[in-house]
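First, one chain by itself: the form predicted alone, in structure tokens.
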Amino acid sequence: MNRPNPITRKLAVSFAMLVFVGIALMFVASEYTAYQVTTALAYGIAILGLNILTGYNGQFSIGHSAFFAAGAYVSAILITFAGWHPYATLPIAAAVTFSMGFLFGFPALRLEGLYLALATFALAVATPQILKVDALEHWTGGVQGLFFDKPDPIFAGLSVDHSLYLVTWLVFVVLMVGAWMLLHSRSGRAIMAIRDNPIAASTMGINLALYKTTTFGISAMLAGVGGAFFALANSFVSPDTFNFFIAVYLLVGSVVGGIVSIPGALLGGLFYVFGQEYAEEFSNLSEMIPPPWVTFGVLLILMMYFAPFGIWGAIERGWARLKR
């Protein structure tokens, strides 16, 4: 098994450039574009967790919308009823969703493949209905949801949307670095060994139960943080906002961006948000053009045909050919 890659100067420069590009975009993007990118980053954070769970650990989940919703509601409830600063709610949302994912990981230990997918599917379907229960209506707002204000700008002169975009971008980069360090550590090698051959991993002394449940917790935590940022960007949460389609969107973004990659999470979030918008604009050009969802579906098919390993996979393979 290969040793973990060290943090090279090239890698450090790459992340520094990523931060710089993100900050530079803030000065040229409109407020609406900043809102769109913030939403894409919120999805990207959740997709990053899904990539770790499915791409690197081999546990297939289509229920991450439940943790996405949990993170959003934890943030919204703390802001609405406890008067917390919006950004102060992020660690609590992370802690709550990590606990949820870790606990859910225990029954999931007995499930593999399609059976695990079915269990997580049930979780995704049940979550919006649970949020509508009368006993929780005081806290969740029931079907009406909760409204709250977006966080104030962190610097004078910044608009609310630009400020939130900047914070989301910096947090996303930090989480990408953290994910890279995790996956290139001893624990990361254990996580991937379980995916490749769980029997061999167990024989080598890897605690399958501990690593699988912890990985599920980390993945759920990232989904929760993404959900919290999604809530802050929209200043509103409701049960119907987090229906099963969100779980599908996250899975689509993960596969399209590159499910076995870290940068693929960013690409997947951007593809989902802007891919849908461009599909809608294209469909509005003429009555002869199919509806937006048909256009978006055709785009997905073309993506999977020409880039079966996702956008980041295509970039890596193209770069490798150029180096030859």
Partner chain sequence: MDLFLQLTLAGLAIGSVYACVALAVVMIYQATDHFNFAQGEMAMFSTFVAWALYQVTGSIWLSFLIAVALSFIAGIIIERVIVKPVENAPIFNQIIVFIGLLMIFNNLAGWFWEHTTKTLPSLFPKHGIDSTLISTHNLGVILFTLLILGVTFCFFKFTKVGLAMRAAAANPDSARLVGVSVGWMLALGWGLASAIGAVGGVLVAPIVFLEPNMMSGVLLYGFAGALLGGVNSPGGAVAGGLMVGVLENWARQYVPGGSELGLTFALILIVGVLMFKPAGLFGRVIIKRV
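Residue numbers count along the first chain shown, from 1. Here the structure is a predicted model, which is why all the values come from computation and not from measurement.
This protein has a second form, the form predicted together with the partner chain, left out of what is shown; the following refers to that one.
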property	result
4.5 Å heavy atom contact, V28 and the partner chain in the predicted complex	no
is_contact(I289, the partner chain) in the predicted complex, heavy atom dist at most 4.5 Å	yes
Residue contact check: F60 to the partner chain in the predicted complex, 4.5 Å heavy atom	yes
The partner chain contact in the predicted complex: A122, any heavy atom under 4.5 Å	yes
Listed residue that, although the partner chain is not shown, lies within 4.5 Å of it in the predicted complex (heavy atoms), from V252, M192, I206, M176	V252
M181, A95, A82, V248 - the one with a heavy atom within 4.5 Å of the partner chain in the predicted complex	V248
Output flag, L111, Y115 and Q129 jointly within 4.5 Å of the partner chain in the predicted complex, heavy atom basis	yes
Residue stretch of 67 to 75, 183 to 191, 155 to 163, 133 to 141 approaching the partner chain in the predicted complex, non-hydrogen atom distance within 4.5 Å	133 to 141
Partner contacts for 293 to 311, taking the partner chain in the predicted complex and a 4.5 Å heavy atom cut-off	W293, V294, F296, G297, V298, L300, I301, M304, Y305, P308
